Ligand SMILES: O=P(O)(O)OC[C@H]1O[C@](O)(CO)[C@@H](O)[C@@H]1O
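First, one chain by itself in structure tokens, the form predicted on its own.
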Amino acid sequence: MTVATRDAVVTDFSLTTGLSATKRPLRRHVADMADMYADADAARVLAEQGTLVYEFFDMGVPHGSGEVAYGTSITYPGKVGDEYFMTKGHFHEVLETSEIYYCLSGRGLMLMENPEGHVQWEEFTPGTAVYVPARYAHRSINTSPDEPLVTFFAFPGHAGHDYGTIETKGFRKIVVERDGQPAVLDNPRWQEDV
């Protein structure tokens, strides 16, 4: 019997900044997500300024069954109106797959919801991991006024990403600043029957 061999994959990234010296980041600006924020006027202004919200590094591991995809995500501090900067968020194409995020630095929240409408959120602080259960869409939200939220993530290589559902419907909740603290509120732009 012949056993297939595979080459190991070696990647680099900073445990402080999440940045890689050898990988190219994928970047998302306010213009890429303006329709996701509740304050359309504030989003339009920041979009025109070319404001960077987050970037992430896919470490290039093959995407397939039996593989583990991983990378880093850096969500910068800032707000659109009173809503904190966030990642676009996604479901997995293979809905029954999970993901784990480990906070390297900064602070924030992981907002999660399943198709049936159950919403939950967990806090990110350095040294904490958030396990995102199967069937849950998820997005990272930076609640720090001045520090990037840097996370390491890993998920099954065959899981894929479904950004379209979130782009169309949004999340049921948003995270805004109230009296200097994060508050989770109903999203006025959420589309139930889209």
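All residue numbers are counted from 1 along the displayed sequence. On a predicted model such as this, the values are computed, not experimentally measured, just so you know.
Just so you know, the form predicted together with the named molecule exists too; it's not on screen, but the next bit is about it.
I'd like to know if residue 136 sits close to the named molecule in the predicted complex, meaning any non-hydrogen atom pair within 4.5 angstroms.
No.
Quick check on residue 37: any heavy atom within 4.5 Å of the named molecule in the predicted complex?
No - in the predicted complex, heavy atoms of residue 37 and the named molecule never come within 4.5 Å of each other.
Under a 4.5 Å heavy atom criterion, is residue 90 part of the interface with the named molecule in the predicted complex?
Yes - in the predicted complex, heavy atoms of residue 90 and the named molecule come within 4.5 Å of each other.
Can you tell me if residue 99 lies within 4.5 angstroms of the named molecule in the predicted complex, counting non-hydrogen atoms only?
Judged by the heavy-atom cut-off of 4.5 Å, residue 99 is in contact with the named molecule in the predicted complex.
Could you tell me which of 39-47, 156-164, 142-150, 122-130 sits within 4.5 Å of the named molecule in the predicted complex, going by non-hydrogen atoms?
Heavy-atom contact with the partner occurs in 156-164.
Going by the named molecule in the predicted complex, which residues of 9-39 come within 4.5 Å of it through any heavy atom?
Going through 9-39 in order - heavy atoms within 4.5 Å of the named molecule in the predicted complex - there is one hit, 28.
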